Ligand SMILES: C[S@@+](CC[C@H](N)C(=O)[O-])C[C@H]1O[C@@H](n2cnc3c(N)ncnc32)[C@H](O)[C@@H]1O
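Single chain ahead, written as structure tokens, the form predicted alone.
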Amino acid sequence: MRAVFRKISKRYTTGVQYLTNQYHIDVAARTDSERKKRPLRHDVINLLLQSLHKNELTYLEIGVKNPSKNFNKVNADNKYSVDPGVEYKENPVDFKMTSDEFFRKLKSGQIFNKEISFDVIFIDGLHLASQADKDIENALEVINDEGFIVLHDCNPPTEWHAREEHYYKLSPAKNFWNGTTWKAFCKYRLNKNLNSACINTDWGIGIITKKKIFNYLHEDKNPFYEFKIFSENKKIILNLIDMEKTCKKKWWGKN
């Protein structure tokens, strides 16, 4: 009986230590802070689409899950969605397949006309650097010269949010997960033929464009993608900017 009591007591003590640990408290506070930030991803996407001043806009979303969260809130004349349906069984999207399969069929002419291009492509699929990298590379082949590639989850607030394993939910970040998308975005920040920035809202909304409205990273400050270096130099590495103060001025010349 005493052995059982000691085991229960130990678990209780461990639980208390978990809940009162300052590290865990700080991570929880950063999670709450990020969740309160506005605007949201669809707001940014809609502003980008509006800035193009075109009569007909074409939008592609990679990684949709529940369309009511973002896809349905995007305002474009032609909208297309891609998702294999792993996380949302209903999966009411246009193309029920992985992004790799979609782009492969797109390039071969099995989907659309080979000449199709998009004004905005939003990437929010598998949040691992290797997959995000492939999605960006494929998107660059079909984005308009004046268009934008947008990535979600580019600014994880802590290393726990940036863990590789999504399903480990006993972490201080609990079930909140940004994965390693930030690494793929940072790779393309170094491309001198592209301009990029990350909006400091909604877990980090990365924007990549061929237009000369942002900048690129001239020096690789984190060649081994260490999170501590990334965290301490986010403003430069991500070109982290505020939506209201910077973006509207750049896109519309507003003060």
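It should be emphasised that the depicted structure is a prediction, and the values quoted were computed from it without experimental measurement. Don't overthink the numbering: it's just position in the shown sequence, from 1.
Keep in mind the form predicted in complex with the ligand is missing from the figure; the text below concerns it.
Undergrad: Since the chain is shown here on its own, which stretch among 123-131, 139-147, 105-113, 156-164 would lie within 4.5 Å of the ligand in the predicted bound form, judged by heavy atoms?
TA: Among the listed stretches, the partner-contacting one is 123-131.
Undergrad: Considering the ligand in the predicted bound form, which of Asn222, Asn195, Asn70, Ser51 comes within 4.5 Å of it through any heavy atom?
TA: After the contact test, the surviving option is Asn70.
Undergrad: Can you pick out, from Ile62, Cys186, Ile208, Ile199, the residue that has a heavy atom within 4.5 Å of the ligand in the predicted bound form?
TA: Partner contact (heavy atom, 4.5 Å) among the options: Ile62.
Undergrad: Can Asp77 be called a contact residue for the ligand in the predicted bound form at 4.5 Å between heavy atoms?
TA: Answer no; every heavy atom of Asp77 is more than 4.5 Å from the ligand in the predicted bound form.
Undergrad: Is Pro84 close enough to the ligand in the predicted bound form to count, meaning some heavy atom within 4.5 Å?
TA: It does: once the ligand is placed as it appears in the predicted bound form, Pro84 has a heavy atom within 4.5 Å of it.
Undergrad: Would Asn178 count as touching the ligand in the predicted bound form under a 4.5 Å heavy atom rule?
TA: Residue-level check for Asn178: no, no contact with the ligand.
Undergrad: With the cut-off set at 4.5 Å between non-hydrogen atoms, does Thr98 touch the ligand in the predicted bound form?
TA: Close contact exists here: in the predicted bound form, Thr98 approaches the ligand to within 4.5 Å, heavy atoms only.
Undergrad: Even though the chain is shown alone, can you say which residues of 32-46 have a heavy atom within 4.5 Å of the ligand in the predicted bound form?
TA: Read in sequence order, the lone residue that approaches the ligand (within 4.5 Å, in the predicted bound form) is Arg41.
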